[in-house]
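Only one chain is shown below, in structure tokens, and it's the form predicted on its own.
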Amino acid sequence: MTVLILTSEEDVTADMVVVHLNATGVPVVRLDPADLTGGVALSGEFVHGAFRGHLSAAGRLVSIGGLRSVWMRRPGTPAARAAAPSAWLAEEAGQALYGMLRGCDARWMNHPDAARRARYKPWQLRLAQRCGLPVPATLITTFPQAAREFAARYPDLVVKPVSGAHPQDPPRAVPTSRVAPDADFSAVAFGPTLLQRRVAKRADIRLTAVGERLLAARKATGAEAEVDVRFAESATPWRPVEVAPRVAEAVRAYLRDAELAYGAFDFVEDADGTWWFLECNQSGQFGFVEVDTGQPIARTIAEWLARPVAGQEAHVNGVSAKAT
């Protein structure tokens, strides 16, 4: 039984997991949907109520029915690198690839439907609070007056993109920034703007959830002006930290309700030690945390991907065999 990884060729984070899968002898096929219809090919026939077919990438051929798990790491837009790319071809390729994969018995990290839904930040905030995680006061608006009234209630604000990424190829992260005290907010009329009460933090927290396993790391805050840990010039390393039972229970509830097998949770810790939820990235990076802390995140993901589904069967040349 094979593990299928959907991601770009340059994804060094995926490389860390592949090393562990190779060490245990678990077959791995890695492909980027962006390479359809060039370096990646597919074929599936609907027979006896299911699609039976194959994927081909880099000279490797894998049976769709023989997949143990699928890791939706960071796949490109289907057929984006085809000889004649188009929105129509991207839709056709995506429908074909993900439509057939949805019909197999593989375990997903994360299922494409759950991953797409989990990207919506307003949805995240509502789910986090419902699961028991503290969430800072937040406003998303295109009304300048609404922004001014929100700023009057919460004078210390940060602004961040709703989607989290800049429309660039490849996408660039947009930093969270503090709002100037004299901001007039006229510009919010030109696009949805997310304003959030700034939590005076003493540390950033990255909690990586892999199935039921929770691996948290803490980075003590440096300068007062430091807002976005991703862009802070700080030599302070990430250190492993225990997850309080209440937080662990809430995070696992979030994962269950969101139907996620993997999530990278970002929190900020205030002076009282409370972890305030900022977001959950369903395909977030973890390499930088593992390098600093030594936490076995890549190995934990590999173990999850390598575990077969109960009763899963592979159909190869018409022969059925239980997965082991």
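If you superpose the two forms and keep the largest set of C-alpha atoms that fall within 1.5 Å, you have the rigid core. Sequential numbering from 1, following the sequence displayed. Keep in mind it's a predicted model, so treat the numbers as computed, not measured.
Below: the form predicted together with another copy of the chain, not depicted.
- Among heavy atoms of residue 271, none comes within 4.5 Å of another copy of the chain in the model of the complex.
- Interface membership of residue 236, defined by any non-hydrogen atom within 4.5 Å of another copy of the chain in the model of the complex, is ruled out.
- Proximity of residue 89 to another copy of the chain in the model of the complex falls within the 4.5 Å heavy atom cutoff.
- Although the partner is absent here, residue 33 lies well away from another copy of the chain in the model of the complex, with no heavy atom inside 4.5 Å.
- The three residues 49, 96 and 192 all sit with a heavy atom within 4.5 Å of another copy of the chain in the model of the complex.
- The stretch in contact with another copy of the chain in the model of the complex, judged by heavy atoms within 4.5 Å, is 103-111, chosen from 199-207, 241-249, 213-221, 103-111.
- Using a 4.5 Å cut-off on any heavy atom, the residues of 33-56 that reach another copy of the chain in the model of the complex are, in sequence order, 37, 41, 42, 43, 44, 45, 46, 47, 48, 49, 50, 51, 56.
- Superposed on the core, the two forms differ at residue 149: its CA moves 2 Å or more between the shown form and the other one.
- Once the rigid core is used as the reference frame, the Cα position of residue 140 differs between the shown form and the other one by 2 Å or more.
- Once you line up the core between the shown form and the other one, the Cα of residue 193 ends up 2 Å or more from where it was.
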